[in-house]
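Listed next as structure tokens is one chain, alone, in the form predicted on its own.
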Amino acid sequence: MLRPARIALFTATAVALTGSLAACGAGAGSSVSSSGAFSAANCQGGTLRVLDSAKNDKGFDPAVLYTSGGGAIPRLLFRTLTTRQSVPGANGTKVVPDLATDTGTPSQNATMWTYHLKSGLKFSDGTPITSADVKYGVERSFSPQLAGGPPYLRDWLVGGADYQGPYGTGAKDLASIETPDPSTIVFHLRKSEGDFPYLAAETQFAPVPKAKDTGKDYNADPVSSGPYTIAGFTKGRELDLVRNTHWSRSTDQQRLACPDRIDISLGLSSAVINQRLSASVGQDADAITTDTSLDAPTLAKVSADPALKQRVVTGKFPQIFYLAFDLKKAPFDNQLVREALSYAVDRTALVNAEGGTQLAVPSTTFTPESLTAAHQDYDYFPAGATGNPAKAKQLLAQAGHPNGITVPLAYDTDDVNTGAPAATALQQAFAKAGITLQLQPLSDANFGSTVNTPATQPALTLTSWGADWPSGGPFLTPIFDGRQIVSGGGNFNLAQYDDPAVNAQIDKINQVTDYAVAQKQWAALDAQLGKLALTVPLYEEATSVLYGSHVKNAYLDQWRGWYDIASVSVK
């Protein structure tokens, strides 16, 4: 999944948490407001204010959303078959039941998954939630007019590649999703997928009542299955949520839903958001942000103020920033050239371009350290802290380029951190090794369509990739599985790498339903692929975000590297 730098677009616990939470997980810390002890049993009431920079003019249709990367607000409106466990630390990466009674029962080879719904589930209009509603919610996500959600269902479900959704004359249902009774739903997959319980946490698995579906207009006022419902929504400006009176904690152990009301301001500048959260005056004392973290100057100011420092939560979203080669274009069809660029990288300069060590951490592996279970340390082309231009020159000469090379580098100009500053840092470091980078700036509107289309893809791209859920599968498969190469737009295998043996390894790992075992195998595959210099891993970002002085239980969610509205309290 692509995710903008330094922005997390939109877990709760039934256990009372008090005091301060220590650092948890790889490089991650979290905290609870010092304005008083938090009690899950007595957190109801008040109005939570949310200050966001995103305009969110697309609305809230579960078919087109990403829960994992776009995750706090949709999780207040929609429940799914499974969800992430709402606890701090590494356990927050686990998948747990939500609408379903468990995380799914697989067939022996993980090509069929069966779920049973809990009893007593209701929509915000009081009607019961049935398996047919879940099936219909999944089916409508296949409609071309509702494109934008995760692509996995089309690839995984039998018949999914050709299915066009439930709309239009002669439209049919998707036969690979069965509902033998109102509380049972069965998914038939065309291949083994041990990670299916993680996919079932995406909003495409939110129930949608067919009678209330308004197609493209459903995004303005969807029927809620979560603890809140929309009271008012002005696209690009504000969103007001109130309690769904038909939701109950007795059927939902992963959302505390403490505030009575949540008022969300949209389209604010990052500077204004951080200034208001820092001052924490009036209603802003009850405020958080779901998409704006601290930049380097503000972070330095906050770090020097003990009172402000207590109101900062930090962590990482499993995302790697890297150089992508097109192996079909010279000179990157030569591994020695790719290795030369790997040796020439100055990761210290890149971290400084990001704003320093509090905002970025160098990486020599494609799977980032923050994806702990699927991470294995390796550094096959040691560049040291500031690069090894002598080794790079040696490799270029061996590859037949004794006088160096000149290559273009595409980057996203709208990314203020990873765009021009990082591209310039790379240009300066590579020049020392005889590698001349011709910078090719692309606007955000053109970056994806250009880079993710093989016919227009540059030979070298500065980009990033993040996990749709905390597993090596959605991290490695779209980038290195040759069957994922798409000739049109939406191709993320930028290397256009296609090795049948690697494809077979991916299939074998996908049959494993034991999470820990599977992640070790993903880590080993990453280490194996790393030897081929198919990419140049650069760094992963760290996130630091402020919250208001009256906010409690703002702990780190290690699934997305952010805290979640479903957990916080203002009372």
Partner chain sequence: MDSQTTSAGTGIGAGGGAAGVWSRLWARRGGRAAVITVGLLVLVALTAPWLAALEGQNPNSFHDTLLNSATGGSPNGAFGGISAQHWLGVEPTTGRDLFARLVYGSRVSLGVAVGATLGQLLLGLLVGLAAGLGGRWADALLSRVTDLALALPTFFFSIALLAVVPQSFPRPLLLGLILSGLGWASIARIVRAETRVLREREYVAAAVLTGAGTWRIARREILPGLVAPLATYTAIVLPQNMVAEAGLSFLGLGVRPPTSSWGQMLSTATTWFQVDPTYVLIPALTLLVCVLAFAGLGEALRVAFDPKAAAPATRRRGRTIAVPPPAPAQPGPTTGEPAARAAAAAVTTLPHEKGEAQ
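Numbering follows the first chain given and starts at 1. Every value quoted in this text rests on a predicted model; they were computed, and no experiment measured them.
Same protein, other form: the form predicted in complex with its partner chain, not shown, and the subject of what follows.
Asker: Please determine whether each residue of P62, G159 and V223 possesses a non-hydrogen atom within 4.5 angstroms of its partner chain in the model of the complex.
Answerer: No residue of the spot touches its partner chain in the model of the complex.
Asker: Quick one: which of 246-254, 96-104, 228-236, 354-362 gets within 4.5 Å of its partner chain in the model of the complex, going by heavy atoms?
Answerer: Answer to the contact question: 354-362.
Asker: Tell me, yes or no, whether L146 is in contact with its partner chain in the model of the complex, where a contact means a heavy atom of each within 4.5 Å.
Answerer: Because no heavy atom of L146 falls inside 4.5 Å of its partner chain in the model of the complex, the answer is no.
Asker: Wondering, does P297 line up within 4.5 Å of its partner chain in the model of the complex on heavy atoms?
Answerer: The answer is yes: P297 has a heavy atom within 4.5 Å of its partner chain.
Asker: I'd like to know if N91 sits close to its partner chain in the model of the complex, meaning any non-hydrogen atom pair within 4.5 angstroms.
Answerer: Because no heavy atom of N91 falls inside 4.5 Å of its partner chain in the model of the complex, the answer is no.
Asker: Would you classify A349 as touching its partner chain in the model of the complex, given a 4.5 Å non-hydrogen atom cut-off?
Answerer: Yes, A349 sits close enough to its partner chain in the model of the complex that at least one of its heavy atoms falls within 4.5 Å.
Asker: Scan T184, N109, S303, T453 and let me know which has any heavy atom within 4.5 Å of its partner chain in the model of the complex.
Answerer: Residue within 4.5 Å of the partner: S303.
Asker: Counting any non-hydrogen atom inside 4.5 Å, which residue from F480, Y411, Y115, F430 sits next to its partner chain in the model of the complex?
Answerer: It is Y411.
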